[in-house]
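As structure tokens, one chain now follows by itself in the form predicted on its own.
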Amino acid sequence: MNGIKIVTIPEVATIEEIRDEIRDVKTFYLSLDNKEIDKNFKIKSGQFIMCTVFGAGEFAVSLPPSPENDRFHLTVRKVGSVTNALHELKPGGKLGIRGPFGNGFPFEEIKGKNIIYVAGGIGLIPLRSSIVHVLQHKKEFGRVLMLHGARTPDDLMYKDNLKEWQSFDGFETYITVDVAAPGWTGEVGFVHTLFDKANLPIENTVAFVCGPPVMFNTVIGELMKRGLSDDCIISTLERHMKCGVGKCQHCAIGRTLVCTDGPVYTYRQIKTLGEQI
């Protein structure tokens, strides 16, 4: 897997810091207790790990840190018993980490291209890694744009990052909310309504899209209507993954295993899965 060593048996990690992001979403900054493994733990944007909350269970979670010069962390929404137990932990708490798994987002293959990131709500979590990585190598790409939409201003992810990115030279950021709130002076509308304002590039362009299904389908339709081909639109598929290594086949969709063949797919690949998704 591109030289990345996979941790197959859970390694104990310590929670160093916890930050509240939005309602029911927290970021957990971690270090692996085995310092040799911690030093050599490498990831690729778009991959995921299996996270164990001792006494509660294990779940798959995407990796938002950049592969380079970024604190290792997980951003997790509270959606069930295991993630609920995770949210109850405090700094100093212990977790089990194994991975990384999956194919990840392309990086070398897209150098020289324009890049569009479109994130709806917590869809910014899996995209963050690629965004930061590309910005660390900005001179190797064309136009880089991020369009982020959320239900309300309080639901905008990674607010500190958003402020930083808005001031990053050569990184075009466009942000909107579905419902305004007192004091909000930005755009109001669904994220695809930003496309005309952003004057999206189409030639020599790749788009990364993550968000809820309704947003995803609308955004894909608008991108293709503008002329972007389906093999230049990239996203991730989510499945309830158990093993991470293709053995249990719990994440099978037709002939593809999301944990090993994905979770990153082009829209052309996603379309072939049809109603099985």
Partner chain sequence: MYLIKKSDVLNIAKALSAAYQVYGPVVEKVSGQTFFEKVDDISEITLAAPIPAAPPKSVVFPQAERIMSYRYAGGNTPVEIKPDYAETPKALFGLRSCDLTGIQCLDRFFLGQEFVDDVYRHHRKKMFIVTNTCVVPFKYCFCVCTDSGPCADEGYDLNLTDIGDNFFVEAGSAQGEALCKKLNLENASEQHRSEKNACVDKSITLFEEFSTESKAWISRVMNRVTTGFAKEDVWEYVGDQCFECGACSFVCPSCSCFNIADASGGNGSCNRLRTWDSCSYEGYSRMAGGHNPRKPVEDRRNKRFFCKLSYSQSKKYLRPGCVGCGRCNWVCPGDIGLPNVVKYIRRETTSR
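Quick caveat, the model's predicted, so the values are computed rather than measured. Positions refer to the first chain, counted from 1.
The protein also exists as the form predicted in complex with its partner chain; that form is not presented, and the subsequent description refers to it.
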- Message: Quick check for you: of 65-73, 34-42, 232-240, 217-225, which stretch puts a non-hydrogen atom within 4.5 Å of its partner chain in the model of the complex?
- Response: 232-240
- Message: Between its partner chain and F107, V134 and Q269, in the model of the complex, does every residue show a non-hydrogen atom at 4.5 Å or closer?
- Response: no
- Find the only residue in G189, G93, G170, G186 having a heavy atom within 4.5 Å of its partner chain in the model of the complex. G93
- Query: Taking heavy atoms and a 4.5 Å cut-off, does R23 contact its partner chain in the model of the complex?
  - Reply: no
- Is I18 close enough to touch its partner chain in the model of the complex, meaning at least one heavy atom pair within 4.5 Å? no
- Consider V79 of the chain shown here, and say whether it contacts its partner chain in the model of the complex, taking contact as heavy atoms within 4.5 Å. yes
- Message: Residue-level question: is V53 within 4.5 Å of its partner chain in the model of the complex, judged on heavy atoms?
- Response: yes
- Residues from 232-264 in contact with its partner chain (non-hydrogen atom within 4.5 Å) in the model of the complex: E238, R239, H240, K242, C243, V245, G246, K247, C248, Q249, H250, A252, I253, G254, R255, L257, T260
